[in-house]
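What follows is a single chain, given as structure tokens, in the form predicted alone.
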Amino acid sequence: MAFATTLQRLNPLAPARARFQRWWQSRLPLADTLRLTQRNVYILPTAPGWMLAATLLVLLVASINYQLNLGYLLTFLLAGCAAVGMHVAHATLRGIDLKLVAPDAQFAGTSTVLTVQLSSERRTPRRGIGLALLGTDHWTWTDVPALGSATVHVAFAPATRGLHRVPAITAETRFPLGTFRVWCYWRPAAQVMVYPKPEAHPPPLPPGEPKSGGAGTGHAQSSGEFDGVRGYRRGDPLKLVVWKKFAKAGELVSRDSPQTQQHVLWLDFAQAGSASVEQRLSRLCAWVLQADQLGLDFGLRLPGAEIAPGGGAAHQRRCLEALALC
């Protein structure tokens, strides 16, 4: 397969063929489900198929010239097998239902796994069906049982953060003889949210900012009682560190007093270092994950956008999406 792809790339007509394919694909409708019919399933002979056709032509000419009855028998027997193989190959794909499971959001630098379900209402199994991203050679092969379904996983790696459309997928089979290639094109409508790649070793969380309207209440709380925890900050006394939580989860957290609870944690783009935009977003992404893991409420400030302090999975997802689309 890789050798065939290399030959295709060396073909002088490859650029024109690629442009035609892009034009053809742009005319395909976007849908997360697709039923394969005669209108969207294509078939052509493979290289072995063309070789078989040439062999049959030679056998036929020789049989006519020398009046060989066994030659006629062999020629038409092989031609009949090839014709049956063509019908079986086309029927292997025709009638299958393809469904794309909505992909989960991913972080940049990781592969997004697409889950495709193949369902068949036929009473006989369908064998040798492969799926791959269009234009790649990473095929995943499966058999679809009779009156059943099969699941195939196809992976692709988005190059950048943001909202990406799922690339086109192709399904193919050469079952049973390999003399015909049957395939289809499919453009899913789903999109994948790609968050920035978290910084591997981010600095500690920034100190909290005083809450508006609560500056006068902090000094009144001096009983020495602690309630709640927060992420460890550089300079915290060791007596405030919750060592039991560190031994259990491996995270350094400090006890939080009512006075310090008068502060709110803001993750600010302007305070995320002086590196490039992508590195700042990477640090903010790591801080968002760290703050959520510690159970802290936090807000997010980005150029042109601000998310009020909050907590929980929904708040974390909202902040990560804002970082992805910033």
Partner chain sequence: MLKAPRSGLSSSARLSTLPREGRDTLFLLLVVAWVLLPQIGNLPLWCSLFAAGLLLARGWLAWTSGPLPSRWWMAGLLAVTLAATWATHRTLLGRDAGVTLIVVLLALKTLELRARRDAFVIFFLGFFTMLTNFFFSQSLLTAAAMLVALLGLLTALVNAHMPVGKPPLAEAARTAGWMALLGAPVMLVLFMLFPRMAPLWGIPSDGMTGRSGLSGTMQVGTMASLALDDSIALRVRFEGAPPPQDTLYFRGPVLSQFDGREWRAQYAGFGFENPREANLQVSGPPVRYEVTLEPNNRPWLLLLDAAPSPPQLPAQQTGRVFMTPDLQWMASRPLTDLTRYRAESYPDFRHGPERQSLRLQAYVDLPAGFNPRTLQLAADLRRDPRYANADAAAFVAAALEKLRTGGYSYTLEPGVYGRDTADVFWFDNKAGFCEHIASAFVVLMRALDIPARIVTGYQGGDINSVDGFWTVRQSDAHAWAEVWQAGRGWVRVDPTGAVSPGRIGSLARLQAPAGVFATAIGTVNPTLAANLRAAWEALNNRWNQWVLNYTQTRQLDLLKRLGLDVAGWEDLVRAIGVLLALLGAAGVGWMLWERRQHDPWLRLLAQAQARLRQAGVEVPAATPPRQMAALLARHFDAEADDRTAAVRDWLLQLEAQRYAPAASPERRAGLARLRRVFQQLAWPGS
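Since this is a predicted model, take the numbers as computed values, not measurements. Numbering follows the first chain given and starts at 1.
The form predicted in complex with its partner chain exists for this protein as well; it is not shown, and the discussion that follows is about that form.
A heavy atom within 4.5 Å of its partner chain in the predicted bound form is found for exactly one of Leu77, Ala159, Val113, Val101: Leu77.
Comment: its partner chain is not present in this chain, but in the predicted bound form one of Ser276, Gln293, Gln271, Asn65 has a heavy atom within 4.5 Å of it, namely Asn65. The partner is not drawn, yet in the predicted bound form one stretch among 187-195, 119-127, 104-112, 241-249 has residues with heavy atoms inside 4.5 Å of its partner chain: 119-127. The closest heavy atom approach of Cys81 to its partner chain in the predicted bound form falls within 4.5 Å.
Within 4.5 Å of some heavy atom of its partner chain in the predicted bound form lies at least one heavy atom of Pro48. Although the partner is absent here, Ser26 sits far enough away that none of its heavy atoms falls within 4.5 Å of its partner chain in the predicted bound form.
For Tyr232, no non-hydrogen atom is located within 4.5 Å of its partner chain in the predicted bound form, even though that partner is not displayed.
Annotation for 132-157: interface residues with its partner chain in the predicted bound form are Trp141, Thr142, Asp143 [heavy atom within 4.5 Å].
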